[in-house]
Structure formats: structure tokens, C-alpha cells
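Before any questions on binding or motion, here is one chain by itself as C-alpha cells, the form predicted alone.
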Amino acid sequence: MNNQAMLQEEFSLSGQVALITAGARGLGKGIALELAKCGAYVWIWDNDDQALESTRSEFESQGLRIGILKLDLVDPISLQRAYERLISESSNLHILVNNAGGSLHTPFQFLKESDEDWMRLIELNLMTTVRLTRLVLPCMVSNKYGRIVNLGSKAGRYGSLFAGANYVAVKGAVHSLTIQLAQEFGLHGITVNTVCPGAIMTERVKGLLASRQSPEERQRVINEIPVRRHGEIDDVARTVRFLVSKSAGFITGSLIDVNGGQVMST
């Protein structure tokens, strides 16, 4: 076996089933595409019909295996039914990527954030992760194998220049959950890690930055990032690919910074 074949084998996900939440656009779609290219049968859950169908067409045109399902990710009953359908159709689940989240453009200033602003972010970012992880873990325990990757944030580790305290707090909670689950389920062959991106140039983040920072402020931030750029979707997708691969079998409970070294200078 030559070096290229060995590398492909190391990252092969052939025969594995992966679930990515909020996977029809942005980061989720990029992650789903990366895992599908490695051979996984990828399920994408999202609440956007049009984006789901567009993503399915794109995957199928490349010969990639995909299942899609529209649902409200913050509704526990919908999650339960969606998971039952996934298991019914795919018989197994090996990889979970808890990507659903975001600041929902709630106010940046702490004193302007209402209880509703806090609860919306807790439900989407934290409780969706908790509920879905609770659903999939029995299957992974039975398999004696599983890979769970949560999407955290630089904000949850170091604060944020444009997302508010509610977002910072719930991402911090996801980080802590990751560490605890890694300790509890490692003996079952399950790894749990979190990727903590800085600003990744999805359409949503571009819009948020444009609304909350001037061009001069955005340039100043870029000048403070050692690699002198914001992140791209592929930067995160390839990190997730590594964490679910054979190469990362001894990595668990880790918070992986993907921010171009920004935390060293801000």
C-alpha cells in the first residue's frame, strides 16, 4: 500500500453513518460534505426545506450518500421521532456532529438581553446538544464505538467582540459538557471533543460582522490574527474530519481552537 492509499485508509469513513445537525448550509454543510467524501452515509437535519433539497441534489450529483430530514431541532418530540427514523432506515449511528447553534442576532450588550434572549440560545445551543447526545449514546455504547464532535466557539473560551454574554455562556456550557461526557463514556470506546472556531466566514457571520463592526474595526481584528485572515468553512470541516477519524482515537475531552492563533494576541 502506497502512502496515498494509507492516508485515504486512515481517514476513511466507509460503512459509517454520520449525523450533522443544522447541516443544510454554512458550517454544517461543509462538515457534511467533508465526511461524505470520506465515505460516510451522512444524515442532515435542518429546518430549511429549500436548503435541504439543494444540498441533497448537490451531494447526489457527486455520488455521495445522504439522508435529509426537516425538523424543529429545539423540539424534543421531533428529535426523538427523527432519531427513530434514522435508526430505522440506517440501522446504526457512528458519528454525531452537534452543529446546531448560533447567537440568533440577540443583543450584544448584556443589559439589553432579555430572559427570552437567554432561553432561546440555551435551547438551541445547549439543550439540543444535550437531548440529541442523550438519544445517540445508547447506540454508541452498544457498538463500543462512537465519535461525538460538538461545535463550540472561541467566544465560549475567551469572550467575544460581537456576540453577547448569552452566547458566550451557552458555548462555555457546551465546552464543559464535552469534558464531562468524555470522562464518562471513554471506557465505551466513545470520544467527545469540541471544535472552537473563531469567526468563520459563513453568510450568517458575514452579515453579523457587517451589522456590528465597521470595515475599519474588522480590518483591525484581522491584523491581530497571526495568520492575517478569518477562518473558512474548510478549516473547521477538516478539523472535524480528523476528530472522527482513526487518527484521533486517543483524543477526547479536548477543546480544539480553530482561530488562526487569534487568542494569542487578543
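Note that residue numbering follows the sequence shown and begins at 1. This one's a predicted model, so the numbers in the text were calculated from it and none came from an experiment.
Below: the form predicted in complex with a small molecule, not depicted.
field: Heavy atom within 4.5 Å of the small molecule in the model of the complex - the one residue of Met140, Ala100, Leu135, Ala182 that qualifies
entry: Selected residue: Ala100.
message: Just to confirm, with a 4.5 Å cut-off on non-hydrogen atoms, which of Ala163, Ile95, Leu151, Val192 contacts the small molecule in the model of the complex?
response: Only one option qualifies, and that one is Leu151.
message: Within 4.5 Å, heavy atoms only, one stretch in 237-245, 47-55, 60-68, 220-228 touches the small molecule in the model of the complex. Which?
response: Stretch 47-55 is the one.
query: Even though the small molecule is not shown here, does Leu73 get within 4.5 Å of it in the model of the complex, heavy atoms only?
result: So Leu73 counts as contacting the small molecule.
task: Evaluate Asn125 for contact with the small molecule in the model of the complex, applying a 4.5 angstroms cut-off between non-hydrogen atoms, and reply yes or no.
output: Yes, Asn125 is a contact residue.
task: Report yes if any heavy atom of Ala18 sits within 4.5 Å of a heavy atom of the small molecule in the model of the complex; otherwise report no.
output: No, Ala18 stays farther than 4.5 Å from the small molecule in the model of the complex.
field: Exercise: Val42 in contact with the small molecule in the model of the complex, heavy atom 4.5 Å
entry: Val42: no, not in contact with the small molecule in the model of the complex.
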